[in-house]
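The data below hold one chain only, encoded as structure tokens and taken in the form predicted on its own.
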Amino acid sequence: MKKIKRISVYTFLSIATIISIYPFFWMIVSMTNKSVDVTQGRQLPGTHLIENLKNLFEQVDIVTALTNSAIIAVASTFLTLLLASLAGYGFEMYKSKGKDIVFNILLISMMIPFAAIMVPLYRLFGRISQTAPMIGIDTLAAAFLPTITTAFFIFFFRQNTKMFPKDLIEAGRIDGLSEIGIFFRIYVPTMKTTYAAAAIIAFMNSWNNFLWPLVVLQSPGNQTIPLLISNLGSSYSPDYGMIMSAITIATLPTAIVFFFMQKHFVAGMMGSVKG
């Protein structure tokens, strides 16, 4: 009976793995084929990899798009981790009469779709452009500033902070550390698995963000990699081999970030504070 159950589990996991990996396999195979082969669903590697890459780098400015996406993703991730962890730490560690009410209001804001606030947000950045054009419409800063204080990450850090040993804070206060010193010298190093998990999620969200950059970034020189790929697909006769090459290149940074921090990811998602 146990053997049948084990075989069933392995069969299910094998099928799930194949289904998960197949899109990546087809994407990589397609970047080696001609556009007509991709549309016909060819599943075997071709001989047009160099040609597709050459067309990609000659016809579009993918280096600038990758650079813009990297700037936005890194800045967004850093500010998200800093602000969300400060907020989550404050909600959990300090006592206040109204903090639970404020936190519940914050959680309710997670139910509002971004499309509902997009127009007011655009008008807000339009006004900011008049006084501070460096962070207004059609700037990289405008593409990531609305994403750095999300309710989800504040909730994520507060929940993980519940596992944080409070005795360490008291020990830091006895040793004469300031509150901000306790945060950066005790809390941050102890919670590195939580930071790693949040960093992966924040980086992937920012790197793959499409809707808001589509609205706020108007110059071709400011377009991100999702916008560039979208423009390639909207042409009159799209070259699918070239598009698959662009998608594969766009996937690499998120894969590198995930594999670099994967050993901390599971522990961070489980709420562990161990390194």
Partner chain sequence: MKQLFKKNNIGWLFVILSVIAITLFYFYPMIDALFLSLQSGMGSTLTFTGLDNWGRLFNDPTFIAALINTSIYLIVQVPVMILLALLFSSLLNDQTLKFRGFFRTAIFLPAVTSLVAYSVIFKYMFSGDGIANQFLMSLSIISDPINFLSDPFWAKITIILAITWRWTGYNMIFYLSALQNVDKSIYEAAKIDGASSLQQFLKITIPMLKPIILFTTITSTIGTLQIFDEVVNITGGGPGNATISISQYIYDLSFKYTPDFGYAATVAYVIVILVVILSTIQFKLAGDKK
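Source: prediction; values computed, not measured. Residue numbers count along the first chain shown, from 1.
This protein has a second form, the form predicted together with its partner chain, left out of what is shown; the following refers to that one.
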One stretch from 157-165, 69-77, 188-196, 96-104 that, in the predicted complex, holds residues within 4.5 Å of its partner chain by heavy atom: 96-104
In the predicted complex, the one of 44, 50, 63, 211 near its partner chain [non-hydrogen atom within 4.5 angstroms]: 211
message: At 4.5 Å between heavy atoms, is residue 126 in contact with its partner chain in the predicted complex?
response: no
query: Is the gap between residue 31 and its partner chain in the predicted complex 4.5 Å or less for some heavy atom pair?
result: no
message: Can you tell me if residue 120 lies within 4.5 angstroms of its partner chain in the predicted complex, counting non-hydrogen atoms only?
response: yes
- prompt: residue 35 near its partner chain in the predicted complex, any heavy atom under 4.5 Å?
  reply: no
message: Given a 4.5 Å distance limit between heavy atoms, list every residue of 3-30 close to its partner chain in the predicted complex, or none if there are none.
response: 5, 6, 9, 10, 12, 13, 14, 16, 17, 19, 20, 21, 22, 23, 24, 26, 27
